[in-house]
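Presented as structure tokens, the chain that follows is alone, the form predicted alone.
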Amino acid sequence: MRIADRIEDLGTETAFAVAQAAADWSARGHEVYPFHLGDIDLPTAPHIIEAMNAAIADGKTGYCPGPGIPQLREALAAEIGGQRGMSLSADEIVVTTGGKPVITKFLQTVMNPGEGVLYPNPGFPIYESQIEYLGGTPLPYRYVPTPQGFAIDLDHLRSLITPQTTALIYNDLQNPISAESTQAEREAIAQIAQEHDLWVLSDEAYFDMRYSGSSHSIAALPGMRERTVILYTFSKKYAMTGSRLGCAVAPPQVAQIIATLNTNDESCTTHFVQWAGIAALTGTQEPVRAMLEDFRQRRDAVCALVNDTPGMSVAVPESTFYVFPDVTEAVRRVGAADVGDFAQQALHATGVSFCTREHFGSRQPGEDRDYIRLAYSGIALPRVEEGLGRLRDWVSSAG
């Protein structure tokens, strides 16, 4: 029996492969400190769980509208629009099973086979996977290091655009590198999109995961609302990663198409989970504030320990729950063949498990520095300190 050729173009979320290696090492009796996967080790807030259970008890277990129940769509329009200074209607909201399906459905809606899509590299690996799987031409644009973290190489991005380029994926507050655009950079991306008549997917999964300042959406800039789809998810802000609840915010014509894709793919998003989403949006936000304070303490510890490790350095990010330190000299110090070998040696010598730059897209021409990603959302502060202390001591003792 033959398998479809397009399956060869389907990638995966590579952090899960690292998770398997960590699980195998743990199963052999070794301590593992999991910095590899951006899951959350804190529970979903009780009032959200109570709303979900009440919806189940009330019989909200059958089919519901493909675009989402009206009550949730209205709550999302108010929440997302209010945060971004936009007046949104429920007609612009399509509820989805998490944020990730928005990537696929955006591409299905705006990209024809052979057309080019710009996307960040390093970046979330599902961007490239879905572009290739759906027959598009992947156009990875790069970042450059700055004292504050990373910035988009705008000249490189511009150089990739051809008449066949149809869309741009933009991940402000970025996974894996925690990069956040300046207002000038955000406006430059908007100008490029309008000059070349590009659709934009604004992945705003981490819009609310910040420790100071405020987030801004490219969709709120002049001329951008009619060409932008926002990816929104409950996974991060409300510790609902397994509940699979999110939405697309899109111009009405695009929203209708995404709703039709919902009907074709899933029929609808789980009915009772949508009522939990309403409780998350309209109920107390104290659990969110408490989680962010917990994560802020973890971030501070991670950055302090990384910067105290010979051959490692990182800027302190104001958003997400990742850091992306430069480990070039540490790789050399321990005698690793490359950053992948460094990760394997670190796991076996210290129990610290993490992804590397190679898990987030192929290296671009001219890249000569080594980076790793440390996710601190799934490991409590005492174990952060213990694990990265062991990593520091191991690197310090080498060389």
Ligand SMILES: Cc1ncc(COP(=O)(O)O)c(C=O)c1O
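Numbers follow the displayed sequence, beginning with 1. This structure is a prediction, so every number in the text was calculated from the model and none was measured.
Quick note: we don't show the form predicted together with the named molecule, though the next part is all about it.
For the three marked residues, 208, 238 and 296, no heavy atom of any sits within 4.5 Å of the named molecule in the model of the complex. Comparing 67 to 75, 142 to 150, 230 to 238, 182 to 190 against the named molecule in the model of the complex, the single stretch with non-hydrogen atoms within 4.5 angstroms of it is 230 to 238.
For the chain shown alone, residue 199 is not a contact residue for the named molecule in the model of the complex, no non-hydrogen atom being within 4.5 angstroms.
In the model of the complex, residue 116 stays away from the named molecule, with no heavy atom inside 4.5 Å. In the model of the complex, the named molecule stays beyond 4.5 Å of every heavy atom belonging to residue 84. Not displayed here, the named molecule is approached by residue 175 to within 4.5 Å at the level of heavy atoms in the model of the complex. Though the named molecule is absent from this view, in the model of the complex it lies within 4.5 Å of a heavy atom of just one residue from 99, 138, 325, 311, which is 99. In the model of the complex, no residue of 41 to 58 lies within 4.5 Å of the named molecule by any heavy atom.
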